[in-house]
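Next up: a single chain in structure tokens, the form predicted alone.
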């Protein structure tokens, strides 16, 4: 079961599709193995970048079944939903299938601090004993959750064991939460998203690792390993080698198509298909990506 001590790299998994848009179950198996080979210590499925909102309920369960059956690491399942009934149903099914926990993002209708805190109290009640991750991604949800509200949720909900931190800018939020835990508040795991764009600074502020889907998950694993070994200089060098690709993949609206193209290029999935509605890459974009990959490989060769 997921708990407050979780650390490392919980890779946000893509959901592979065939060119006709059908779920590609064979590629799902393949990409799980790829993530594990590249250093993932956990997996997160059915997230926003996993195209969860484009899956049927049956397809969602298929993804959960295949990943939990194959992965020897903790699997977190995104269960965010406009209604609590669907959230509860998927959470129960996921936990029964062997998931370690679930992830919940707030709906965009929440406007006040009291509404946010009340929503997560109800969510925790509906999820029962399932440990959950609070997904704080205001760029996508439109919901701003200040540190005091996160701390209130953590106090009110013992099953809240992790924050998926994706605020931007959000480094001060990590510092505030860690200062509060040092002063006696319950300490929960903090894993960070945003494609790994601020990974070094997030670790320095007190994060426990990454929960993101950058197409080179080994970057997060190697940077975190170097950081935890006390070699900040090497951690920075490794991060800098990948930074142009992190930046390029981070383009709003096109990032998932870039990520899937890269994963297909690396052999992790058979097809780069983004299920409709979704973007595709032009020849110019692919050429730019290839140039960045070549430069990144050269930098890594120099680092040894």
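Numbering follows the first chain given and starts at 1. The structure displayed is predicted, hence computed values, not measured ones.
This next part talks about the form predicted in complex with another copy of the chain, which is not shown.
The stretch that touches another copy of the chain in the model of the complex, counting heavy atoms within 4.5 Å, is 141 to 149, out of 128 to 136, 141 to 149, 218 to 226, 177 to 185. When you look in the model of the complex, the only residue of 66, 265, 30, 275 with a non-hydrogen atom within 4.5 Å of another copy of the chain is 275. Residue contact with another copy of the chain in the model of the complex: residue 156 places no heavy atom within 4.5 Å of it. Taking non-hydrogen atoms only, residue 279 never approaches another copy of the chain to within 4.5 angstroms in the model of the complex. The closest heavy atom approach of residue 39 to another copy of the chain in the model of the complex falls outside 4.5 Å. Contact check for residue 284: a heavy atom falls within 4.5 Å of another copy of the chain in the model of the complex. Applying a 4.5 Å heavy atom cutoff to another copy of the chain in the model of the complex picks out 243, 244, 247, 248, 250, 251, 252, 254 from 241 to 268, in order along the sequence.
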